[in-house]
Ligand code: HEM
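In structure tokens, the next block holds one chain alone, the form predicted alone.
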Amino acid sequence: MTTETRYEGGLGIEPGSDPYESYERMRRDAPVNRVGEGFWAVAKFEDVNAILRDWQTFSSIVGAKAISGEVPASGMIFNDPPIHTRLRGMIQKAFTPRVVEEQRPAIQAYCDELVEKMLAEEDPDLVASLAYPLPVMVIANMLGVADGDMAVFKRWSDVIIQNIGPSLLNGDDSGLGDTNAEFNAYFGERLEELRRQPDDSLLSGLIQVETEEGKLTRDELLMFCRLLLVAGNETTTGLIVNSMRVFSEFPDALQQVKEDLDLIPVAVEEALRYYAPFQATIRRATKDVELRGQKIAKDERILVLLASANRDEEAFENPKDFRLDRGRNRHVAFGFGIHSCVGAPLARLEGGIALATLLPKIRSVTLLDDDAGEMLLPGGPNSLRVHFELE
């Protein structure tokens, strides 16, 4: 016989507070606990890893309308094989090692320009000056819309991120209507232009690519654009913001990396572990299942706490420390299994180049708007004032 564990008030996280203390209590006292009607949270690394690798038991089809059969599951992120396999196989073409490496010169040029302008300001907004425009410039270039309105792209991205929860979990997509219409009109017109006159962009290449399953449909191509523009930039934005947050909290680590820039890849991985760009992902139980003595019923949904898993004391030695000598870093900031982040190599490249460009020019960084609740939103805060002490 099992006793159902539940934190009153959901995850037990006060608005505006840092959730990592709550995650620690959950790992200790209630690693699998009910946080709402038909909803669970899983906090430990071992369980998070097991859930992410077992898509047959823990499905990514979590939308209310898809579960009820009202509409079929759509897109790549919230789908399972074989549909997920087909879409990911095509989208992966945008993130082959060769394609990612080809972005290096543009990323470096963007970083040089953005960092110089940012450091000319007294207390710049890190998000507006570097963390947001860098990945959007890169993605826009890959999509062949480098002449697009970056402010409009950001507005679309923010609205989509803010409405993922209601749209998926409650089937309420009313907050997305205008944004989806604008997005589809803009990129739909771009698709038609590329059909008539192909260019060397990735989007043009995907329009032309054909496999034994056929070509991507218009809806699938629009999904690809949405995925790149939103997920493709939010992860990098969060990585850059969180790297600066880490270096403000661990100034000795900043000095260590400044003295040896070859440590940047290690610092990037540790920053991803320490402050995951996305705190959690969602799965749905496809059958009744028991996890750590808790009985999760078929079709109940599970909040898979990536950020908590990355601080699990049983998986990482001294997880509260930011360590540049951690060695093999098994963090799950980019997920795991068939749904691991397809854009992770690009995010790592962008984050690494951004740090290599910025760190030699500064002695220290201080966050002026360090609101823990805002900092840990998906992709990070909408703005973050910082003070750099320059070399």
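Given the structure is predicted, the values throughout are model-derived calculations rather than measurements. Heads up: residue numbers just count along the shown sequence, starting at 1.
Just so it is clear, the following notes concern the form predicted together with the ligand, a form of the same protein that is not shown.
Looking at the ligand in the predicted bound form, residues 111, 258 and 274 place no heavy atom within 4.5 Å of it.
Listed stretches are 182 to 190, 160 to 168, 236 to 244, 309 to 317; the contact stretch with the ligand in the predicted bound form is 236 to 244, by a heavy atom cutoff of 4.5 Å. Of the candidates 326, 339, 34, 44, 339 is the one whose heavy atoms come within 4.5 Å of the ligand in the predicted bound form; the others do not. Of the candidates 215, 88, 287, 292, 88 is the one whose heavy atoms come within 4.5 Å of the ligand in the predicted bound form; the others do not. The shortest heavy atom separation between residue 231 and the ligand in the predicted bound form is within 4.5 Å. Heavy atoms of residue 40 never reach within 4.5 Å of the ligand in the predicted bound form, leaving it off the interface. The ligand is not drawn, but in the predicted bound form it has no heavy atom within 4.5 Å of residue 204. A residue is said to contact a partner when one of its heavy atoms sits within 4.5 Å of a partner heavy atom; residue 126 fails this definition for the ligand in the predicted bound form, lying far away.
Contact annotation for 69 to 86: residues with any non-hydrogen atom within 4.5 angstroms of the ligand in the predicted bound form are 76, 77, 84, listed in sequence order.
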